[in-house]
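Two forms of the same protein chain are encoded below as structure tokens; each is given separately, as structure 1 and structure 2.
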Structure 1
Amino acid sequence: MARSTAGNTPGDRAALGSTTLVSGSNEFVAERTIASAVRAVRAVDADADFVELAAPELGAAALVEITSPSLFATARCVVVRSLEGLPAEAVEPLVSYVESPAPDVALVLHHTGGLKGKSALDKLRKAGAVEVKAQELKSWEVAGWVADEARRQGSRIDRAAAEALAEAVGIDMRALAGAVDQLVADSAGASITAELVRRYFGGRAEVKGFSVADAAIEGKTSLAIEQLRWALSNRVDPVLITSAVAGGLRALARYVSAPRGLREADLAREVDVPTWKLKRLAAQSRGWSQRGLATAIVAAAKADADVKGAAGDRQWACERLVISVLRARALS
């Protein structure tokens, strides 16, 4: 039975006598799958052998050797890495092994993605290998993955909490899994709530230039400075901050000077932003005068030159820009 999961490894399923096929370049999922197979085998037999080799070394003879019964151990776990480099003559023996696996061997195959070795991959799937996809997450998959991850660790996380966590931690699976692990431990058996996520991860969002720009343009002084500090200490390049602020101001300036009474789609085209941004621009525009915007744009141009070498301290140039934007907002 070929079963695909979105990167969550099956739990302590009896791994012996089966073949697990890890496909994809995400190292975190691959390592975790391998580790869980090893754990499963060790749980059955603490003295189990552990063999790891790269596919190019896997001739027909080697395959027979590693999968045949051993004199000294009852169980063994075999990990074959870089499956894309499997020699052509080794494909058939491997497939026929997967069709009738040895009962005391757990075989884990890792294909790191790409087109190479694709046909071997298809044959192995058909032969009954259990596939675990180790792909990088897409941004819209993160919340779902977090929920699966919490379930795997024996807890639950509601949708809002999962989204809050995704927003705070970002897209890196290793960091997400660590965060879920910590939350599961801290929630002491209860399900994980958005409130709990905010308590532990609030403010430590993956700060981008845009959040700095939005906070500054919306006149949230302390938030803007805080976000800027986070961004700079997370090594966001100052160039990205000045360009995000300039972009935000440009959109706002075009928004406030757009003709009245346009339909939403036309307005978005006129301002040159996606339609979902219009609402935010409408809210942002309330605090601003044309004169204020003009002042802020001139300050942004100066800061852009500063972070590109016209000034000695690039971080201070960013800070001064944020302060100038906040001040310009007060102009009427």
Structure 2
Amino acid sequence: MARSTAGNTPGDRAALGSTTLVSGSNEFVAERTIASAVRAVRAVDADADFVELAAPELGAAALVEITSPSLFATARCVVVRSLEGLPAEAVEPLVSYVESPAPDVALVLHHTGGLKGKSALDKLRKAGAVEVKAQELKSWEVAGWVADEARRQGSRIDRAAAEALAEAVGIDMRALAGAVDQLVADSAGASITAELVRRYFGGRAEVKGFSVADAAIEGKTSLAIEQLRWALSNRVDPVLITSAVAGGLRALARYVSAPRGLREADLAREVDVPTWKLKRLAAQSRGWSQRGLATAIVAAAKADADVKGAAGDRQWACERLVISVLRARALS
């Protein structure tokens, strides 16, 4: 059968004769990596085979079968999932294959995390598998990942816009990728700005929860009550409000108790927030004592339980939380 030449670039060709090792439980990264491998192989050969199986099914005979030339296609993409379940007798044959792969096969192996199968992972890395880490983003990594995602889609996003998007959408990579995709499509080739991000995502319920939290923690009584009333009147789920307040207080507590003298990046890791949020935490911390912060955190825990069913009036639970936080700060 004739091979398609569509998309036959050096980068596409490099997908064949290679092994990609996806390690980690992040389903979004794993599926994107697999889809990318399939696209690359089919760019070389539109009629390429796609084979998928679970590692427990991968005996030595099965490995030979799936990596051998097909009668009906020249190229092949083979995906092996749940690598942690690879039978012991299949480890060495797989390692040997990775050391000397078939030239017309792209092999993708996915290990979903944990200690099981770790020795096989180490052997596969040494054998030449190219590893892709499928891990959840840390808070301080989100803005950088957003910038990388915009570049991957042929656009640019400035730092303030990336940080605004991270604050609005959170750290879910699938949601972030979708948001970047929408912004790239609507920016018409221009750099994505914070103003554009606010236009599209400034009204999200999660953002309003954070607005309430920040105003309360900063002791801005009128603004906190105003934001809370707005959120409740627009049917923002009280859980989003209490979780935002609790999260803000926990971050502040970690910031206050963090070792002094750390570099900005190290401090962000210690506190588990993006670097851009450190400045706000520094400003917020000046109005709090350890005792006041502890009191507010206890109030947040009670409010969280109340809005999840421990109390009858969920909106009053939110109001009581905001008032408690404002009072705890005033007493600090």
Partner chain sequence: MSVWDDIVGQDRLLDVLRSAVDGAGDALAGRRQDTMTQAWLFTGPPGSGRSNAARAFAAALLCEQKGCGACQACRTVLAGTHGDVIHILSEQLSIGVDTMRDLVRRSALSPVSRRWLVIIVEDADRLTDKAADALLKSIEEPTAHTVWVLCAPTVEDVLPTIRSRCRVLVLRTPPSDAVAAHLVAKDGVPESVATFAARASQGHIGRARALALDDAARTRRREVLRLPTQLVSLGACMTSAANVVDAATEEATPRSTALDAEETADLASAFGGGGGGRGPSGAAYAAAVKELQKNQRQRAKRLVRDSLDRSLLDLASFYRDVLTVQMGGGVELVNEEQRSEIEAVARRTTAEQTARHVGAIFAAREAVEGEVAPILAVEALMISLSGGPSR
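Start at 1 and count along the sequence of structure 1; that gives the residue numbers used here. Bear in mind that the values here come from a model prediction, so they are computed numbers and not experimental data. Whichever C-alpha set is largest while still superposing within 1.5 Å between the two forms counts as the rigid core.
Only one of the two shown forms is the form predicted together with its partner chain, so please name it by number. That would be structure 1.
Notebook entry, point to check: For Arg32, is the CA shift between the two structures at least 2 Å following rigid-core superposition?
Noted result: Where the cores coincide, Arg32 shows only a C-alpha shift between the two structures that is less than 2 Å.
Query raised in the report: Superposing on the rigid core, do we see a C-alpha displacement of 2 Å or more at Glu218 between the two structures?
Result: Comparing forms between the two structures, the Glu218 CA shifts at least 2 Å.
* Would you say Asp47 moves between the two structures, meaning its CA shifts by 2 Å or more once the core is fitted? -> No; that C-alpha moves by less than 2 Å between the two structures.
### Task
Fit the two forms on their core, then tell me the C-alpha shift of Ala301 between the two structures in angstrom.
Taking the core as reference, the C-alpha of Ala301 is shifted 12.7 Å.
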